[in-house]
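Let us start with two forms of the same protein chain, each given on its own as structure tokens and named structure 1 and structure 2.
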Structure 1
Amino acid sequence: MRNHEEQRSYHHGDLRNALIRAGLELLAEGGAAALDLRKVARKAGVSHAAPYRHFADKQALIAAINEEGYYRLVERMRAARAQEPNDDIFAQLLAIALAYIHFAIENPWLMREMFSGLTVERESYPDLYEASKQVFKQYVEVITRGQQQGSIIQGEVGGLAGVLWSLLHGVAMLIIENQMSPYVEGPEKIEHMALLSVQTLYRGMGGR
């Protein structure tokens, strides 16, 4: 008679993931202020002390949420690149730019948390650290390919990838933090900003 255990004595088979999901939802709905541990627990249907069975403290839960954020962002970047011809570097760059910027706009609070290295010591959370490095890797791959086929100037890949990432990160963050409002109101203006960024970058890195 134990074959359909809908009601376990312990509410979750996987409370850890339920807490992460609840956190992601609260973050999306109400921002960082809404990401409070007691509310997360309530949403997951357990007492406010239960999360401490799965996370050392609030930071650890946030780290897990951020990790999930990186998975989603990288997946989005990967998917966007896959849509474009592998050797059309400009198209690859634009695709990755739009993916990055749109992800930020759709998940502003998550994005903000993910890039709050000042608050969360990424070194203390190896899984998070690994996940976050995949973002940089995406940029490195595009730059490397561009250099191989000669559309991007030679030079240390890391530096160029850093410049590329920085530009896209800056656009994304300034948009979601509401700092460039007049120039990025509406989807067309945002796309235009992304295009202008990629054009400048592509030309600056020796493209064309």
Structure 2
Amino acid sequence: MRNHEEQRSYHHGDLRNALIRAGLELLAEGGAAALDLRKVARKAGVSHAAPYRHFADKQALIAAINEEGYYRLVERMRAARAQEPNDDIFAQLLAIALAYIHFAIENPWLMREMFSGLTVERESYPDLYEASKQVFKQYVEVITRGQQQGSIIQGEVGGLAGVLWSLLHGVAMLIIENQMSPYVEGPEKIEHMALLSVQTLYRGMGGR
């Protein structure tokens, strides 16, 4: 018989996902400081002991939340790219930029936690580390295709992808930290900033 504190019934494997979802909600409400296993359990409607079936401590939970965040970001980027022709590198880059920036705006606390490096070390959690690499892979794929068709300069792909990521991440973080006002006040200005960023970078990396 289940503990009387268990208010919801989860099939095998569902509990972990329910706890991650609860953690994401708490993170959105108040950042990593609002997270602890008891609060997550309460949010998910399960006993205080339930989270320990899947997470040894708060850091393990946050690692799982960050992993979910990376995969959500990757899916957002892939979906945006899928709307544009594969051989239109500028359109692909702009799609990635808009997806990345809008994800940050919609999930500011998650974005901060994913990239802070203060709570967990990605290398200590192999699944989290692999998830973070999938974001970088999106940049590498576009840069590689651009080099193959001659629209992006030749050079070390990882380095160029790093430059692209640095630019987009900088813009996204400055926006959510309220450091780019009045240039990004409203959806149209945000899209213009994304376009300006990609245009400026593309002119510098253009192979023609």
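Between two forms, the rigid core is the largest collection of C-alphas that superpose within 1.5 Å. Residue numbering: sequential along structure 1, first residue numbered 1. This is a predicted model, so every value here is computed, not measured.
In this pair, the copy labelled structure 1 belongs to the form predicted in complex with another copy of the chain.
Here Ala50 counts as shifted, since its C-alpha moves by at least 2 Å between structures 1 and 2 after the core is aligned.
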